[in-house]
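This document starts with one chain, in the form predicted on its own, laid out as structure tokens.
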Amino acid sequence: MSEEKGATAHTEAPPSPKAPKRREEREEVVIRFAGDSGDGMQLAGMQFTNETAVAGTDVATLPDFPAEIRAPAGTLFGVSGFQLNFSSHEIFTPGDNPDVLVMMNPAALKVNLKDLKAGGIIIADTAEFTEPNLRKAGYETNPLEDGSLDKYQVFPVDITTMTLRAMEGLNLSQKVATRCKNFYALGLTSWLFTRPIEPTIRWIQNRFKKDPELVEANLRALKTGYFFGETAEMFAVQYEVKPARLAPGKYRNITGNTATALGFLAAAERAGLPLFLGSYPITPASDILHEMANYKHFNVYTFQAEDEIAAVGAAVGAAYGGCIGITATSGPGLLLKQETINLALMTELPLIIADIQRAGPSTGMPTKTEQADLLMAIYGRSSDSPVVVMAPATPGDCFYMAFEAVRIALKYMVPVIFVSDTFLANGAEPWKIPKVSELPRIETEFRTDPRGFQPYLRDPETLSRPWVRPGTPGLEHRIGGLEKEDITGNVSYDPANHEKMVRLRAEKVARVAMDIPLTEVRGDSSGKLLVIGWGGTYGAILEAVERLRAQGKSIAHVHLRYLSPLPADLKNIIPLFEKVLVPELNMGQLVKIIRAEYLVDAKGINKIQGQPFRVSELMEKMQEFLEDS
């Protein structure tokens, strides 16, 4: 049987039911897919996200990976989840509590049921609710049968068995055929929420094009699930979420790590320089290395080093050689790189360090999110050694802040630490693709004239020193880690010179504030409460503040993307409010800086659970703070 004929035989739609399904419109839906790591829930979630983006609705996602690489199948700590929120209006978070759980085994249900809204939908693969799996999950009886789920809408579907039946006639092992059940679940969910499956069909055809049988198998599973929803009597209602009103333009669905890589690439193109990325694989930063490796034809060089120190050393060497030198890591790697970052600071080279934060300390919870590297990024080197630190606010914003990190590093000849986090790195949103003409050109100039050259002559505005490609005739010079004499760059132990150079390096970082745009205050320009956030907390804080403002509360939101130096106008904004509140996914780091810098009695909302803030919990804390006299 040819592939085309086989597809026709097994994917043709069954006859429609006699009575048409009722369609119910919703403004917003939150869905969570969950199962074992091998059940393909991340892939199902991402494909549903792509379908949703194509349909024109706004969307935000929260992938949640297990920290165990090979957790035993069916156990609670092996559950992998993917949550997405899609809406007919603008949204800022992946949602607090899901409306729908798509559960592939009892462990997934056990872990996630506590979050499901009352009356929510549960789609469960009945084939996996066996006695051994129930015991692994800690169930004494089958929750699909014992009445414990009566307050929910439960749809028991034998996903595994129907997937295997759809594979009949294909030369696939049962193990391989069973792996297609994630596409069955995706097809069923796509039908239930009127998502177009054509983007997933194209993805399958492209992804498995070297193996026609896998193409056929996954298409069968997808369409069988889709048509089961259409014909099964248990589904009397189909739900629809209308497209959102987004700004005109061309959009794509993008994760934070992909946006970061593209931001670095775009900056290199606008600067007209080669890009070198030296990196050592570490969760959750590895995707940046993987993404950049695809762009060798754009004068991009990627180097997977033997360790974190070698990776940053190679990046410093690339910067010395006239390239854009970048290294990407997470908290443990940033710690190891600090001595070499100090070398870049002393030699005043434009090094960019991408720190994609995860829950620590040590190995910690490597797949979970946290914001606990801020003090290390700002203060984590020996001696007085300030560098520029900036942080994106959303997955799409990772592009612009990565671009900005390169621009600032080149303009001021200074190391820049780009601080993202796991929530942003793995999360996704519709991203309006910018036109090249909208991106600022990054001016770079290499010194070629030997007349009057000194390695530490400074630009009067930025205090940056000349950038010289090695081998330029007449511009031979020596730089290194020992203290430099002002102007000449010679090694110097003079006390007065040391103080002068320390202060010059600090002043250069301080002058970056000249490039920081005016701070945006969302909400009241003055009043009772100012909420200051940074990084991936943006969406949850903004939505909480907006909801409280709709209730008439005197509250405003400032989100900082530049953390060292801080915006120059922030000192004028803070005194306009009676109280300052700083939500962070750590024990209180930015709040310490705000208190020290502005001598204000700022308070913190702190969460260190490896999970992002929920809008509801922020609203509760903000409300308490507003009412506290």
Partner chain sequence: MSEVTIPDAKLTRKDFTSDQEVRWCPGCGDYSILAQMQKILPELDIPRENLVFVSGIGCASRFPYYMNTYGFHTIHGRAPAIATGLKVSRPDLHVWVVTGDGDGLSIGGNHLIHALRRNVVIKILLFNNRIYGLTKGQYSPTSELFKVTKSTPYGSVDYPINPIEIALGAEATFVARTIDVDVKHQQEILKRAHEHKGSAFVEILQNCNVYNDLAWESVTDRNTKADNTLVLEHRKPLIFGKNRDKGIRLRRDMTPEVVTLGGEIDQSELLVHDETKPGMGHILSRLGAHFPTPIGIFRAVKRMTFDQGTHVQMDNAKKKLGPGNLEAMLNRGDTWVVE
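Numbering follows the first chain given and starts at 1. Treat the numbers as computed from the prediction; the structure is a model and nothing was measured.
FYI, the form predicted in complex with its partner chain isn't displayed, but the following is about it.
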In contact with its partner chain in the predicted complex (heavy atoms, 4.5 Å), from 251-259, 93-101, 535-543, 177-185, is stretch 251-259
Does each of Arg202, Ile309 and Ala314 have at least one heavy atom within 4.5 Å of its partner chain in the predicted complex? yes
Examine Gly331 and determine whether its closest non-hydrogen atom to its partner chain in the predicted complex is within 4.5 angstroms. no
Non-hydrogen atom contact Gly78 with its partner chain in the predicted complex at 4.5 angstroms: no
Should Asn112 be counted as a contact of its partner chain in the predicted complex, where contact means heavy atoms within 4.5 Å? no
Taking heavy atoms and a 4.5 Å cut-off, does Pro430 contact its partner chain in the predicted complex? yes
Proximity to its partner chain in the predicted complex, single hit among Glu230, Glu269, Asp486, Asp524 (heavy atom within 4.5 Å): Glu269
Sort through Gln304, Thr363, Thr194, Thr130 and report the residue having a heavy atom within 4.5 Å of its partner chain in the predicted complex. Gln304
Looking at its partner chain in the predicted complex, which residues in 317-345 have at least one heavy atom within 4.5 Å of it? Gly317, Ala318, Tyr320, Gly321, Cys323, Glu339, Thr340, Leu343
